[in-house]
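Here you'll find one protein chain in two forms, each presented separately as structure tokens under the names structure 1 and structure 2.
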Structure 1
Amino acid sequence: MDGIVCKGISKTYDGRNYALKGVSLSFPSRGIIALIGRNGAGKTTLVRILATQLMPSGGKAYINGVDVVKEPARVRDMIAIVPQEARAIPWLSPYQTVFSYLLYRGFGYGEARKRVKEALRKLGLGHQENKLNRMLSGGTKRKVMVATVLSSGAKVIFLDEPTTGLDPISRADLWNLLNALKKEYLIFLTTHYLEEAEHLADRIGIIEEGRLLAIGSMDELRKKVGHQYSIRVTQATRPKAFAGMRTTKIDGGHQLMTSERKAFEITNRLVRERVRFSTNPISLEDIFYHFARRQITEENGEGEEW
């Protein structure tokens, strides 16, 4: 039972307020699994449980077959984590940052020196190893934090929103790094950036109010949605071509998710109506909107059915 396995994981506070509600998932020993959801959805809570930092209220979780509750010390030897709030200490260098982390994990001086050099080389930081962290760019500082977990030799890595606040170029650089690393490691990634999950992840989980609404590859999620294409119009008035179909108001216009055959029929009608529109295979944004926001938009009167 290699990889990550969760069976009905729940977390409640005061016996009433649930942060997680029966989350079940499994993922093999290599690749990237991304968990997406809004603030407070339960992403960080699940990471903290899997990383043995928080006790679940119910259910079971395993890392490479080891129970995270019954054998936390063994689990900690197999994993490494970069928490959401983790930052490189400004007055240390990348070398000192990784070296001190390894000493904290119990490595001897000689082994730590060897591992620091290898980790910094692997991330392309060797030429900056003695530069103070405060002199580095935001993207490079994040690479330093990733270097710490790689240096440990752990094959299961948790990254909690690792690219938050990065500029587009730094984010793309980190994406390239993670894409390369996923061939050797199991990376559990939480993110607010849907394009990040779509670009990086082998499997994507959508979590809302503590419930795992869906999980799978992009193709599997598209099948679960039951639609292949998204049609968007920019005008606020409902086009006649959408009559009798369920649409969602978005960005001042309307969106319809439908099958390939229906999309062909509807777009022909939109052309005849001289309506400006776009048609694309449904994206992760569309999938997320379908699963996580459908109920909210209906309650707010933003979704309509004709």
Structure 2
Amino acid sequence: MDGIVCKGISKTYDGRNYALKGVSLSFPSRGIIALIGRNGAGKTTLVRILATQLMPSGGKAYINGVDVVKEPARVRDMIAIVPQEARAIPWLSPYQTVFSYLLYRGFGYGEARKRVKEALRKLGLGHQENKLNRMLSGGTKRKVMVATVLSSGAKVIFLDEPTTGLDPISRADLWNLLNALKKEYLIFLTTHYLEEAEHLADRIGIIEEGRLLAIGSMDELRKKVGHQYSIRVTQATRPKAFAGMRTTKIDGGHQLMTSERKAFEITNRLVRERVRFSTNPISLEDIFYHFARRQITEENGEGEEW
């Protein structure tokens, strides 16, 4: 099968604690899959296993049908990655960074030269191509790394937090670029910016403490949550209108997720109670909180928040 397939991938670094606890997912050969989850959730661990940098402790993974564990060399011909902590080498220029990477990919000099120009132009780095990386701003260095892998022509690209440190305009530029590329490439990215996942991804995976809690398109995730609307009040005391319903404490107020029909009824009651509130279709943030909190409360054995 084409694309990425994981079957029960687990990973322990020390033999006791599991950074991944049986992650299974599949994703077709084109489009963007985004993984979201808190620090230490296991995103990088999963990415590194798929990119053949790290052995899994259990489970199977395939990229375009090729076994990541058994046939790493064949996988490596198809993939390219910007690791989370990758840095543009300070004594190289952007041009030299991309060029040398293309040589590692096995391109000849002429072809590599052509591709460097193209990639730097796409990321708006053309005018800075001969400065030393150490003179560039943090976000520009990040862009150099992204240009590096995009130049490679690899059809499966892993970007571990590609937009961290980018200004809003550069981020939007990169989003546009990735959106254009997703018709041709499989892009596997991790991010802490939920709007990025929402904006870019065809499928979003929510990972928490090594478990994939949910995966799907925004619509599918909304269905899984079982609610369409989120109602938030900013006051600390729980309004009467919420009585008997599961709510979440959030930013010093309360949040209730509910169906379209009930939302109307509850907001009416809030109006009568003279409570200030806002109501919105549920966002990825709501979905993330829904799954992540449920996970936490389940593990702590205290469900009264709901």
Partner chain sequence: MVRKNIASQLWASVLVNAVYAMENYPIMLINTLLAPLSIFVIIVLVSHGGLLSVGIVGALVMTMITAGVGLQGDLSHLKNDMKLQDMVVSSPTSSLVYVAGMGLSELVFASPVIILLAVLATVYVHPTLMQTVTIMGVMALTFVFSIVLGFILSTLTTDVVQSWGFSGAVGVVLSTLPPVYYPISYIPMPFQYIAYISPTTYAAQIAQSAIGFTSVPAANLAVDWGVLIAVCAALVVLAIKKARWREP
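Only the largest set of C-alpha atoms that superpose within 1.5 Å between the two forms is called the rigid core. If you're wondering where the values come from, they're calculated on a predicted model, not measured in any experiment. For numbering, take structure 1's sequence and count from 1.
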- line: Mapping for form predicted on its own resolves to structure 1
- request: Decide, with the chain treated as two rigid parts between structure 1 and structure 2, if Arg48 and Thr190 are on the same side of the split.
  value: yes
Relative rotation of the two rigid parts between structure 1 and structure 2, taken as the smaller one's turn in degrees: 14
query: What is the magnitude, in angstrom, of the C-alpha shift at Ser137 between structure 1 and structure 2 when the rigid core serves as the superposition reference?
result: 5.3
